[in-house]
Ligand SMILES: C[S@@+](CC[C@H](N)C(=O)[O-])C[C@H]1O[C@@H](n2cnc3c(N)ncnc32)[C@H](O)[C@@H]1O
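The chain below stands alone and is given in structure tokens; this is the form predicted alone.
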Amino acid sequence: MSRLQKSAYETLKSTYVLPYAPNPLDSAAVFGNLHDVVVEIGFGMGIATAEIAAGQRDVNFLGIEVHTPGVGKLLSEIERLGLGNVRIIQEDAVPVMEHMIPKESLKGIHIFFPDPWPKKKHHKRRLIQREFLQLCADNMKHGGYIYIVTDWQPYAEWIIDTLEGVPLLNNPYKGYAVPLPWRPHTRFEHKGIEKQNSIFEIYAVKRSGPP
């Protein structure tokens, strides 16, 4: 951890990092308002998270990340930008989504550049599985969205195929989505672009009725 990250982690953790507990989260109590909630899974260093939250201050953002330096960096950005609409849970995404996020409560879910686990023997470790997408759909409001971005084409194809197996989710693009203007490029993404990697955007919406 850098000195800045360590200082932010030590001084701001108690204010902005929520302890994991296997109980549904009361977002109104946590954020002090009834604004919509968006979850970001695996926010890395949190730069893009902070930029999105700064541009949408009428939306509450809940970041899930296990990497302590990244948590420290986002905490420093929360303080620098005065972001009262961001909270963090430092825990694996699956138990948080299973136990802490109430059903039909989320406006959106962001998953930007999840680990592709490229070797076939490791595919079972990928976050994006049909069961996990079903869990995400259950936790979203009707009309809510899930927004996934990757620079690994085989993983992008896997995600598109997996989405088709979740009846609650509709891909309005029938393939890859157009980039949404409010999503900033991540540091990881810039490195990929420098290597001339393609960026694949995937966007799906929770249906309001049967398909």
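Position 1 is the first residue in the sequence shown; the rest follow in order. Bear in mind that the values here come from a model prediction, so they are computed numbers and not experimental data.
There is another form of the same protein, the form predicted together with the ligand; it is not shown, and what comes next is about it.
Chemist: Hey, with the ligand in the predicted bound form, do His67, Phe112 and Phe188 all fall inside the 4.5 Å heavy atom range?
Modeler: So, yes: the whole triplet contacts the ligand.
Chemist: With heavy atoms only and a cut-off of 4.5 Å, decide whether Glu91 touches the ligand in the predicted bound form.
Modeler: Yes, Glu91 sits close enough to the ligand in the predicted bound form that at least one of its heavy atoms falls within 4.5 Å.
Chemist: Can any non-hydrogen atom of Gly44 be found within 4.5 angstroms of the ligand in the predicted bound form?
Modeler: Close contact exists here: in the predicted bound form, Gly44 approaches the ligand to within 4.5 Å, heavy atoms only.
Chemist: Counting only non-hydrogen atoms, which stretch in 112-120, 133-141, 80-88, 99-107 is within 4.5 Å of the ligand in the predicted bound form?
Modeler: Only one stretch qualifies here: 112-120.
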